[in-house]
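Take a look at this one chain, the form predicted on its own, written out in structure tokens.
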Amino acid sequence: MYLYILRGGGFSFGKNLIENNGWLVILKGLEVTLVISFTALLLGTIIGALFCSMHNSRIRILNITAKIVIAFLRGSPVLLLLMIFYYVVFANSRIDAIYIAVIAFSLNSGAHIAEIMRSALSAVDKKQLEAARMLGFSKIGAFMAITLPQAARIAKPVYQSATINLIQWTSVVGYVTITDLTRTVNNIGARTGDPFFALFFGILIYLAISYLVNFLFSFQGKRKLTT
């Protein structure tokens, strides 16, 4: 591999990234990947909070419904879920494939995030909440002041991993005709007859995104400590 990079790296770089504006094509694919990933993360977080509240509800029907839906979504391979939405549920609609992918990934990530939230909330000492109520806090006030900040700190590392996993999972959207980063580099490799360089370059981009996400989470944590 190293001999390949040393001998043909410069030629491969030009053939894959410079000719026919390959770098622009990759940027467009990267944009699609980021739009799907972070839109699904935002919606998935909202859906996860909803599922979590339903799971912890004292209303039995809500509790049972949340458990069933979360178990189904967590246990379903995201690729199969995506294909069901694209080829079955929205087969006769004119909805853009990107929106369908966002729906599928939002639901899948929402189920995982719901469990992250539920575990984090369960880890917070309930006695602190009771003490806050005795001091005059309302139920919502005690939750916002005591439970939520601690649960957020507990959930942060797992939520960070879930974010990176979601970005990596979106690499399968090419199965439903979406030209994302993975499909873009694969197409370029097939066109140039040099798949190694194109695919390896794609891996480097995904690694860069992962490290950027880690940096943003760590930077946020350091910022909170200094304030």
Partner chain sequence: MIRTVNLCKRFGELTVFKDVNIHVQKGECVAVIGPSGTGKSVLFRTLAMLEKPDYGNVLVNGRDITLKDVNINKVRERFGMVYQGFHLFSHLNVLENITLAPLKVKKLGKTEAKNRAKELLSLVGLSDKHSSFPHQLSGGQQQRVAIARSLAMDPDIILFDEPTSALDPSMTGEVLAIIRKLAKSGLTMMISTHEMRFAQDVADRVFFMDEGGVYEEGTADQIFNNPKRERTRMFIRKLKVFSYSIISRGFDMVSMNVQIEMFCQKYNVEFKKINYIQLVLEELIIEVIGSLQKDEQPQIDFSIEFSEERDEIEITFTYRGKEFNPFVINDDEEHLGVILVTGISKSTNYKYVDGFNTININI
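Every value quoted in this text rests on a predicted model; they were computed, and no experiment measured them. Positions refer to the first chain, counted from 1.
Here the subject shifts to the form predicted together with the partner chain, a form of this protein not shown in this document.
Partner contact region in the model of the complex: 120 to 128, out of 94 to 102, 120 to 128, 107 to 115, 81 to 89, criterion any non-hydrogen atom within 4.5 Å of the partner chain. Although the partner is absent here, R133 is a contact residue: one of its heavy atoms lies within 4.5 angstroms of the partner chain in the model of the complex. The closest heavy atom approach of Q150 to the partner chain in the model of the complex falls within 4.5 Å.
Taking the partner from the other structure, the partner chain in the model of the complex has a heavy atom within 4.5 Å of a heavy atom of I146.
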